[in-house]
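The chain below stands alone and is given in structure tokens; this is the form predicted on its own.
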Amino acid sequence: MIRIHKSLAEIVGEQYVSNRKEELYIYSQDPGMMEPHEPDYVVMPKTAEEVQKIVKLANEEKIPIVPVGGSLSLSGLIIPHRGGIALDLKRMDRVLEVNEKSRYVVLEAGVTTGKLKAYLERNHPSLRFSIPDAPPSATVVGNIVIHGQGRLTQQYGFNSGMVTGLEVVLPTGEVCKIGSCSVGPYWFSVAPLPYLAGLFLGWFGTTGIITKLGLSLYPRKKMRDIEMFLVEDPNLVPDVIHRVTHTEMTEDIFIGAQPYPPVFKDIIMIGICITGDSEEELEFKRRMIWDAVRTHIDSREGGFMMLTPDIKLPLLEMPTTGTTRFADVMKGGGFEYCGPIIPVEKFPEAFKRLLELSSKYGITYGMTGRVIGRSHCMMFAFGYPFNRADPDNIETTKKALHDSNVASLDIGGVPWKPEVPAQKMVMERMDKNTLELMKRIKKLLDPNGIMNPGNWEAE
């Protein structure tokens, strides 16, 4: 409608609102498998006040709003299933504050992981954050909203657990601060206040729009290295993880398996990253880790792979590009996955189900995993590249994805950043009172149902 377009242009400026077909197309889809759907408008606000005005307008006109960061979620979380306004936050890209002593950063919602990494390296080289294995154009807030993981996840847990404060535009237009920043000028913690941050993390933009974020930072060690432990028996993986995490010597532990190249077929790789300020510190950590898995080495059930510097280099990348390369192995530009969070001891069963599904549907696979905390749980991703130009391949991959989500729930896991069909599966199995509580919270915060409708929507 001309009237809506004019109102949006008055808020953000004519050059930052569009309903042109080619631009609506860009915001209608992501690299995954969910059906595309165009928004009616694309808007790029610069400030929280502009976001606030847009939300108030949307409430008056009963227009859906879909917050957009890097558009890289793969699972359709930013596809405007019911049209409306795609609210692109990329212009809100300032790093506002870094507190060196309390080790936190305050940034706007459009700051990308690549920008924050470069900013810290240039201005605060002794500090770092938990960098996810996503393209550098992924936003920091986007990763937080989906309970993302990164290179410090094994030490400190989910990246969303590193939040120290939020500024949020509520679905009715009010601007709200969460955490210590709501009481004073410092963004050091969301505790000891009531944990209101949980109203906005994991909700996929259905309860509010995060405009500013406080995030914990951590010491950046001078040196990094990696050891690669190989096993053939998936039943050994939980014990290896348990022994290595017991040392408390590791920065990151990731698991990978794929049939290509053939040299890695039937091999499960466990990458163990360590950091230190001297070679002596690294060597001490290596010895501790080797001693922890000595039993498996002596029994010839597993062993360390010799890594040359050229092999180590891509493994130590932050973010790694290996996943991106595998995502297009079919040369069709499509990639989808089911990424459940599972108990570590369920790894053998999850891996078995992955192989069964790959064989059943005759498709290739990639398995990646990351240990969260001191083996408190792990992310296990069933990855399926597909060819967007091949309808049969797409349909087969859809079926495999559905069965993967079913398998994830059957073994006791919870799908991570689930697409809408997987969200429905989760809600069908969820405690009924918990589901009712979620419905009440959404209704209370978003009485007009304008926030990213279709997501976390119970029947």
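Nothing here was measured: the structure is a model prediction, and the numbers come from that model. In case it trips you up, residue 1 is the first one in the sequence shown, and so on.
Keep in mind the form predicted in complex with a small molecule is missing from the figure; the text below concerns it.
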Within 4.5 Å of the small molecule in the predicted complex, heavy atom basis, the matching stretch of 39-47, 430-438, 395-403, 64-72 is 64-72
Exercise. Within 4.5 Å of the small molecule in the predicted complex, do L89, G148 and G205 each have at least one heavy atom?
Worked result: yes
Could you confirm whether M378 comes within 4.5 Å of the small molecule in the predicted complex, counting heavy atoms only? no
With heavy atoms only and a cut-off of 4.5 Å, decide whether K417 touches the small molecule in the predicted complex. yes
Point to revise | is_contact(R370, the small molecule) in the predicted complex, heavy atom dist at most 4.5 Å | key: yes
| With the cut-off set at 4.5 Å between non-hydrogen atoms, does G334 touch the small molecule in the predicted complex? | no
Assert contact residue (the small molecule, in the predicted complex, non-hydrogen atom within 4.5 Å, options I210, I85, I178, C338) equals I210
The one option of T164, N143, T245, T275 with any heavy atom within 4.5 Å of the small molecule in the predicted complex is N143
